[in-house]
Ligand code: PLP
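Shown here is one chain on its own, the form predicted on its own, set out as structure tokens.
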Amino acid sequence: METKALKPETRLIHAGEPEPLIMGAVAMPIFQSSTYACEGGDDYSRLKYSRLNNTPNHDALHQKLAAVEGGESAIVTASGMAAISTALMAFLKQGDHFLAQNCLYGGTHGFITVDAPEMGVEADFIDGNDPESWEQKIKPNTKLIYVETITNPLIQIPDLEKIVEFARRHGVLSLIDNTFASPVNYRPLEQGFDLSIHSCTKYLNGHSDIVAGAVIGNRDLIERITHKLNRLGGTLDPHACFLLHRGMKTLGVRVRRQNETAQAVAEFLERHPVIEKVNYPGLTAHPQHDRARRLFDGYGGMLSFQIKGDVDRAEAFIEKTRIPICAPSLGGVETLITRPSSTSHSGVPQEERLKMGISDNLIRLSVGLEDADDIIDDFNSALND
């Protein structure tokens, strides 16, 4: 089905579906085979083989991902970090330099500060909201700029439009981790970014039962990443492809509901006297609220906040809540709560964490599909206990 003119929610359901349906099956079957008969030709990358990410389950998923974000092509990986690291390695070599936002997911930060230097690649961190300072850090060997749509865990929104302009002006690639926003709320390729990256473990799958990643972009760029991935071996297995393919079909309704609930929870927390600060772009007090309102179709299901007091007070609150599960991931149907300093960013040295603004009593919340009033009542009891 031609899906370019359809809304994202419709594309999520119909894009990439086999035509005609395989044996009439409405749901994409699982092709649980590692090996396929040769079809001729001498191009190794065209052999049907699970490690090469080109089985029927991979192909259907790639087409759906590309269509949803307006890309020409896509590739799925064994994890979000496999997508991030492979994409960076596909375009960086010894002696190269790149720019990265100064507040990123802890795993990404670790790759940039530990693994990249070991490969002879240099990086400079930039303030995503200070475009003038970027010019001071560009170098003749700068190859790309890397940011997050909504930063983890401070929920900041960089100057996305200026990043695209900057990348084009200097002839460097623009890569963005769009996990927190999801294609329902923001589609980076439509706004001029070269590559959009996802930890599909989160919103795209939405059910906390697989680990996966994806990169979406034009055909030539994705082909380079695919060749690199084929050598590194970070392949997504067919059954996980099936689960991700299925999960994406409900992404629209899930994210719209999570947008609404997160807004209500953020407004409640903002009013509560025990809460020191709430980070959520749907609040007018958020420093990038106007930007989010202009660029996004929704503010997302992620928020973070600080309770007045120390880390023990934050831990006590988490322990008193009944609905959220204390767990490090996000984007699922269940509400998850965590302290980033002890989970997602525990690998970042404390001095660097504090410099980013990630205090030990910062709490991150991934809003699920529970009733908003139930979550608020639960939080109110835990805060007032």
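The model shown is predicted, which means the values in this text are computed figures rather than measured ones. The numbering used is simple: start at 1 and walk along the sequence shown.
This next part talks about the form predicted in complex with pyridoxal-5'-phosphate (PLP), which is not shown.
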4.5 Å heavy atom contact with pyridoxal-5'-phosphate (PLP) in the predicted bound form for all of 84, 177 and 199: yes
Contacting member of 258, 152, 185, 279, with respect to pyridoxal-5'-phosphate (PLP) in the predicted bound form [4.5 Å, heavy atom]: 152
Single option in 283, 221, 211, 112 placed near pyridoxal-5'-phosphate (PLP) in the predicted bound form, where near means a heavy atom within 4.5 Å: 211
Heavy atom of residue 101 within 4.5 Å of pyridoxal-5'-phosphate (PLP) in the predicted bound form: no
Contact test in the predicted bound form: residue 80 vs pyridoxal-5'-phosphate (PLP), heavy atoms, 4.5 Å: yes
Any non-hydrogen atom of residue 105 within 4.5 angstroms of pyridoxal-5'-phosphate (PLP) in the predicted bound form: yes
Proximity of residue 66 to pyridoxal-5'-phosphate (PLP) in the predicted bound form, heavy atoms at 4.5 Å: no
Candidate stretches 211 to 219, 126 to 134, 271 to 279, 305 to 313 - the one whose heavy atoms come within 4.5 Å of pyridoxal-5'-phosphate (PLP) in the predicted bound form: 211 to 219
